[in-house]
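Next up: just one chain, as structure tokens, the form predicted alone.
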Amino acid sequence: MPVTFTFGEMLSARSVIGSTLAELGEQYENLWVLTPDIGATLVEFRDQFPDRFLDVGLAEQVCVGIAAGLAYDGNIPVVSGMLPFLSMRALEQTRTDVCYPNLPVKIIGTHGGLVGNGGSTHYAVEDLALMCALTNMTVTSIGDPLMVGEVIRQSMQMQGPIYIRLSVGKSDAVLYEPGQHDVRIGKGIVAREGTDATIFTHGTTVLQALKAADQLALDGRSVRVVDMFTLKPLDGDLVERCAAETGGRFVVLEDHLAYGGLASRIADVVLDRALGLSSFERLGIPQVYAGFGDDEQLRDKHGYGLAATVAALRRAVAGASDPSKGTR
């Protein structure tokens, strides 16, 4: 890990996956890596451990089913592919073959949210809602490529399955200096301290949230940014602390359907713990098929881009949500 650090430096999360799995292959002789024809970044593991690498072709259901069989035999299988298809085509296999027996299958994938310009068939925008609904499944969404390796390493000790959501993974902004935060599955990261409001986010929108907080600082407002990279189990204690310390003013930003993802899970904590909020607003994809375009353009089009995020935070610190949309 380099000593120097530049905020916003670009790094490939896919390369981190490849190098981490190759490293872990030495440590865990029962580690297998499987892919449904998306194995270009797995060549290090494939070349070092060809007997523990399997490309099944374009057959996500088969890939997850084989992974479950390998896990039954005492192995640690990692499935790496594109999340729009792993989360939906293989949903039944994930639910019944992996989650029901609580097997240690790791599902790692790219194209979470409106990234890749592949159109609605190639966007994973319902995936977090689906995965969070599955019993025994741990669900993560990672924005910093340097965190990917740490999460994969921690997952090796888990008894049950985990879902790891990434962006396209070719060129991702480094958000944190190595060692700056204690990265632990199940715990959120306070990426920026603040006292006037909290914005919760994950994955590709963490950087956008940090930029929005910078703009609020120009208004003399202090916004806390929470990278809730683990959606399940959710860090309810951190949600409760933020409610107490930032005036009960919440904004949730995510590259996912506005309902069913992180905002819905935080709303559950608010209700279950009877937290007193003064405002709550969710920013995400409305109930539409998003269409084609650059991901930043699509965020602007669908009301959760940078400008919309800044506006939502300004409403929050003013103590009111957008009256045209209600407390969403």
Partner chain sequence: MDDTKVGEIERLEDLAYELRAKLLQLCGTYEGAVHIGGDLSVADILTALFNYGLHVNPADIADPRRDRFVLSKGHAAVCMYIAMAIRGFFSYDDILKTYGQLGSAYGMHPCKVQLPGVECSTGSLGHGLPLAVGMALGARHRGASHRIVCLMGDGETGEGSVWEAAMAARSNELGNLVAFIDRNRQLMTSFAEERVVFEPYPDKWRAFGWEVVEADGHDMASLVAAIDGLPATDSGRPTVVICETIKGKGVDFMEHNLAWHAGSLGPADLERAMAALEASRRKAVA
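Predicted model, so just to flag it, every value in this text is computed and none were measured. Residue numbers count along the first chain shown, from 1.
Just so you know, the form predicted together with its partner chain exists too; it's not on screen, but the next bit is about it.
Asker: Counting only heavy atoms and a 4.5 Å cut-off, does its partner chain in the predicted bound form sit next to every one of A209, D227 and Y259?
Answerer: No, none of the three is in contact.
Asker: Counting any heavy atom within 4.5 Å as contact, can you tell me which stretch out of 49 to 57, 299 to 307, 280 to 288, 266 to 274 lines its partner chain in the predicted bound form?
Answerer: After filtering at 4.5 Å, what remains is 49 to 57.
Asker: If you check T246, S155, T138, N75 against its partner chain in the predicted bound form, which one has a heavy atom within 4.5 Å?
Answerer: Contact with its partner chain in the predicted bound form is made by N75 alone.
Asker: Please run the contact check for Q61 against its partner chain in the predicted bound form: heavy atoms, 4.5 angstroms, yes or no?
Answerer: Output for Q61 is yes: heavy atoms within 4.5 Å of its partner chain.
Asker: Flag E92 as yes or no: does it have a non-hydrogen atom within 4.5 angstroms of any non-hydrogen atom of its partner chain in the predicted bound form?
Answerer: Heavy-atom contact with its partner chain at 4.5 Å: present for E92.
Asker: Within a 4.5 Å heavy atom cut-off, is P101 in contact with its partner chain in the predicted bound form?
Answerer: Answer yes; at least one heavy atom of P101 falls within 4.5 Å of its partner chain in the predicted bound form.
Asker: Does F45 reach its partner chain in the predicted bound form, with heavy atoms at most 4.5 Å apart?
Answerer: No, F45 is distant from the partner.
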